[in-house]
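Two forms, one protein chain; structure tokens for each follow separately as structure 1 and structure 2.
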Structure 1
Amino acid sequence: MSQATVTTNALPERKDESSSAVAWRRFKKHKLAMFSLLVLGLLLLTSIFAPLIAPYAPDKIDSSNLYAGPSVQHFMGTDGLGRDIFSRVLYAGRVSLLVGIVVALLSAIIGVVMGLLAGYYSGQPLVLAAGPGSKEWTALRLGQGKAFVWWSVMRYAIWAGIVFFVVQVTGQFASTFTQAGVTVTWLIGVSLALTIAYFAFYRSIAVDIDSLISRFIDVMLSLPQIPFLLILSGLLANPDVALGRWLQDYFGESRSIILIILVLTIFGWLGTARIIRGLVLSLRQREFTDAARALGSSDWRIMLRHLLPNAVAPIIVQVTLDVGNNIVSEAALSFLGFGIQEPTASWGNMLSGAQEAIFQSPYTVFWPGLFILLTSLSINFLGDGLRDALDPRSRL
């Protein structure tokens, strides 16, 4: 009742505004972001309804009409195989936007999980192996009760497998050497195996997930991505590798789309994970986390029900910006010939081989790139607008 009186008096309708309505009101003030939303909406619609809009099939080859300039029939001209560029740009939009959005969503999922794990378990080493000679052994025995025997058996079996693998690899190494090399290899291999066995079976091995994930992110983020993306897409295109064969069997010709989604996701989740980790590190110190823990909530419940909802705003901004980055990365890889393969059109692969085409017909390369720029620019403005709208600290 008291709330009702307040709303009628001092601050009309502002008080019972939902947080999303507040965000929308703030977002509307960002003119460029609003305009970008409109542009993106149009791009999405034209891509979705490409079959209805496109005047030609995207892969219809017309050998009498190579590198044609803009005309009434071909509004953007034709490419080196006489295919209508306007139709191809529309169809390519489907692929490029799909890749951008799917990669952003997948990256967000992985990034959130990794960030939550790293942030929540920071400073709490995860026990990977415990033997009777360590203090973790007693702690686990008391903590796990009856299940302890089974957990120990499983742990020991896995570690025995690792030790066996080391010995096996040593043997394979030694067989490639002669004389003294064999002895040296065996000495190194066996002492390595013994060290692992000692720590795995008698002492303990504990790993701080946070420092593991954080260091991994640091290294991955500091590497130049394009060279490594090249190598990765080569790897997944290899039918001699299990994953590559699986892709070929299940997706056949269109596997390059799945492939590029996987490859981009491998580098895509790092930023989100780092942001979530930072947020969780501060959120887990707050009172509501302590309260949830005191009420007996499990770690997962605290992470998903209490910590994650507080991190939604930065995740939304990050996912938005990621879509743009992914589209540009996809275009770059496809341009280099390591991404989406012909005859499927993507904005990037329409530009590959462009150095020859520029002398024949500059239009061939102008339009696809313009669409990449338009999409990526709109997404960046949209992300900027969202950040301003969702961040309560920003002044607007």
Structure 2
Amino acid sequence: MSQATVTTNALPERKDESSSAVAWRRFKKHKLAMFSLLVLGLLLLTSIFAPLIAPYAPDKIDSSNLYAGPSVQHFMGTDGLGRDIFSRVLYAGRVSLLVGIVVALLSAIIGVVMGLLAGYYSGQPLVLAAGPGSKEWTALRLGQGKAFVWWSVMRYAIWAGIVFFVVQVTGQFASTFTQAGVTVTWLIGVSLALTIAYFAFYRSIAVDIDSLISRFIDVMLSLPQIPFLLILSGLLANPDVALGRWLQDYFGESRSIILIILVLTIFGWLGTARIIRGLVLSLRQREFTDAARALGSSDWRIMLRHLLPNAVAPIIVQVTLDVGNNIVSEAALSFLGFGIQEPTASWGNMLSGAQEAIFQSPYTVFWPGLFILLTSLSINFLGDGLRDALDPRSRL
């Protein structure tokens, strides 16, 4: 009796893909994101190699060609000083993209740190100061052991600096008043300094770091952003202010770039901090966090080695979207005269300089506006693609 054999075509087994390979495969299915990546790559390359591509220097003035239309010599025309718009757009891209990327990275670093601290230590009072008249003094002395003396000296030094700063600020305010105003100012300032010193050096100061950071974020988000940025940038640009004078002395013509980066970073980290805080609140209750804590891992090791890697995907998406928002914000501030200052070119101050001839020479506004629009849309589509590729619940 012969035994019949059945042959089947075995399908080749699919090898396990890494998470990055899966994300890239899913990202490639997002056509708009892929096209946006190509556009952004071209914008970055043309900006980086602007000295090789641009036919003229960005600040070269040709008084015989004021508001000249597009021609062979000037592909995009000229502005009110006869400067070639095509050359200025390329050089301006270096500044605008630099501001957008640097602010996004700085905001991500600050936001990640703040979000990790707020989420991980939520509900746990953080002792900022402890004196011999508090119960925290004994607990810290027993818990920190030999390091207690050094930590106490460091805490006392920091709080002594804060008290000195309050007294200095009080003196600055008192110098602006006369007679009774001086007395009242000193009474308020000295009372505040003594109160801080009492709790910092004798009693204790303990705060819920989550509540502190979250309430600060709520206050910052409640402020009208553009007016506040205008006031802050105008204040820091004033050479009579200490920081403004320092920026002028050390950075010279690049001062406005550093200034706009500082100003935009103040508001830029808030969204990232909120996202990371919510993720950490969920992740710190997971089994792998309890296991790491049971093995004796320090808080910082748990945050950096176990919690942060699980939050990389939303951080990447948030950074990507922040780049576009920062470019638009820089353009808005420069358009209002509080951002990048001449002779440094940015897309924003190109728009500002062209507003007087917007109807006579609309191309002076069209080209920098077009580059801002392309960059912002491309970054937003790229962020959408990254979000869908890194989100396992996506249908891509």
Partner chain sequence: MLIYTTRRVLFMIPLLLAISMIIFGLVQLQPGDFVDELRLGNPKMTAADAVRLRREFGLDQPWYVQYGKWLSKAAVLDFGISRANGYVSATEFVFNQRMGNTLLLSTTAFLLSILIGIPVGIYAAVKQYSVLDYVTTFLSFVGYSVPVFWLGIMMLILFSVTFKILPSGGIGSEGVTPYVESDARFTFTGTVQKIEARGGDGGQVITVSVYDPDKAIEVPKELVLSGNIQPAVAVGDLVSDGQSAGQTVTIVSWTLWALDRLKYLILPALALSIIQIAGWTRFMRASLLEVINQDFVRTARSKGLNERIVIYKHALRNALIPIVTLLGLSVPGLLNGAVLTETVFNWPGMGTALLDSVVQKDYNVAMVILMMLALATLASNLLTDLLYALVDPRIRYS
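All values derive from a computational prediction rather than experimental measurement. Rigid core here is just the name for the largest C-alpha set that superposes within 1.5 Å across the two forms. Start at 1 and count along the sequence of structure 1; that gives the residue numbers used here.
The form predicted in complex with its partner chain corresponds to structure 1, not structure 2. Scanning T265, I315, F75, D208 for the location where one rigid part gives way to the other between structure 1 and structure 2 picks out D208 as the hinge. Comparing the two forms between structure 1 and structure 2, the rotation angle of the smaller rigid part against the larger comes to 19°. Taking the core as the reference frame, the CA atom of L128 shifts 2.7 angstrom between structure 1 and structure 2. Core superposition places the C-alpha of K146 4.4 Å apart between structure 1 and structure 2.
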